[in-house]
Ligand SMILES: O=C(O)[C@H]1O[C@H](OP(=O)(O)OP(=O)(O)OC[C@H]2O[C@@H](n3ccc(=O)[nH]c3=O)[C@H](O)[C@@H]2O)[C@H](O)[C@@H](O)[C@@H]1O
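Single chain ahead, by itself, as structure tokens, in the form predicted alone.
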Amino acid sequence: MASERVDLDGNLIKSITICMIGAGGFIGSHLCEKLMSETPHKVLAVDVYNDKIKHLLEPSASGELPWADRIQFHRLNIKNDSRLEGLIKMADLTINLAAICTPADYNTRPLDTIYSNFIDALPVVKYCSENSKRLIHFSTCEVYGKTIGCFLPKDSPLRQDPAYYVLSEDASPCIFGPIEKQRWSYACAKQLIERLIYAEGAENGLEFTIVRPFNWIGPRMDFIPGIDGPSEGVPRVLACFSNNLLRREPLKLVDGGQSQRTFIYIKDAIEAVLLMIENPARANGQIFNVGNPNNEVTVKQLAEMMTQVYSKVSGESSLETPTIDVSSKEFYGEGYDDSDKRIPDMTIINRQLGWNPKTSLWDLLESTLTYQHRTYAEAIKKAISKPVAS
């Protein structure tokens, strides 16, 4: 860690205390690592689980606690714990990562999804506003919903015009499906909390930054069903496909895998978040897309690429039938709907923070699948070889 660090305007960066809600999750664990290893900041890590940050909380092999004075874990559920306001008061900055954010839950648990992403976030915003504390709130690229382009005729040349599919924080409309398509419960809840945060800034002076992640992927994302998560759960696409590859099962392509997405390496994305933390003058009042428009593929192309990369890192041959098509109704149940394309406009974050992603899709998949194979392959072999009870 450098002894003196300066922000983008050349000012000395002072040590701050950060209340990180959801610190034990995928993004939180990587952000905690970054803060511990490269900055002098302190973290009040708030979560129900701490499995993914245990290595930061427990003694090393030599018995030392390298980060003992800079990271504290507070096991609490923000829904109903009176300690939350006290922790926010103790901190200079609150980062809210807590959310139900798995598509499989949006249809089956729409109420939990709405409560998690709107109702449970309300006290966090309120405490930050009332106590004059800065807030970095994690939203989602799902707030954009569908693109304008998807409503044009299939053969319309306008579908190729970036104005109809590139998503801009300050210009693109938010277009959701009908109410009966409960898949949009997540996006609507996230959009409403964004509007509330923005209103708190306008009316009550809340200092805020809103982050819209575009498919951040990497090690520790989600869970592998039956190994470090529930057997019946359906994680997001990276872990879902990884689970199939580890079990040597065909990858399931929902509705043919024609939806287009961009994917960004978690380590690139965390660099952007650190810039937001340490450059409040440039980040306050801003909404930032954080993604990699250069890593655009269809979900089907992602599956094909992951199959190739996993074969390389594991030394195993690919299946004769590496993918199979399933309907969204069969995979997710009634009420599922999808957005066609999600390409982030990076103008604002580049202008404000000078940030651009670096890692190619192939490289980030190679790094991530190497981790997945090293971490889970043996456990899955043992699980598969166990006799099934009659």
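Position 1 is the first residue in the sequence shown; the rest follow in order. Values in this document were obtained by computation on a predicted structure and should not be read as measured data.
Quick note: we don't show the form predicted together with the ligand, though the next part is all about it.
Considering the ligand in the predicted bound form, which of P219, G149, G145, P103 comes within 4.5 Å of it through any heavy atom?
Going through each option in turn, the one that passes is P103.
If the cut-off is 4.5 angstroms on heavy atoms, which of these, N107, N215, S172, T307, is the one near the ligand in the predicted bound form?
The option sitting close enough to the partner is N215.
Does Y186 reach the ligand in the predicted bound form, with heavy atoms at most 4.5 Å apart?
The answer is yes: Y186 has a heavy atom within 4.5 Å of the ligand.
Should N279 be counted as a contact of the ligand in the predicted bound form, where contact means heavy atoms within 4.5 Å?
No - in the predicted bound form, heavy atoms of N279 and the ligand never come within 4.5 Å of each other.
Using heavy atoms and a 4.5 Å limit, would one call E38 a contact residue for the ligand in the predicted bound form?
Result no; E38 lies far from the ligand in the predicted bound form.
I'd like to know whether K252 contacts the ligand in the predicted bound form, with contact meaning heavy atoms within 4.5 angstroms.
Close contact exists here: in the predicted bound form, K252 approaches the ligand to within 4.5 Å, heavy atoms only.
Based on heavy atom distances of 4.5 Å or less, which listed stretch (124 to 132, 257 to 265, 172 to 180, 192 to 200) is in contact with the ligand in the predicted bound form?
So the stretch in question is 257 to 265.
Quick one: which residues from 317 to 332 get a non-hydrogen atom within 4.5 Å of the ligand in the predicted bound form?
Heavy-atom contacts to the ligand in the predicted bound form: F331, Y332.
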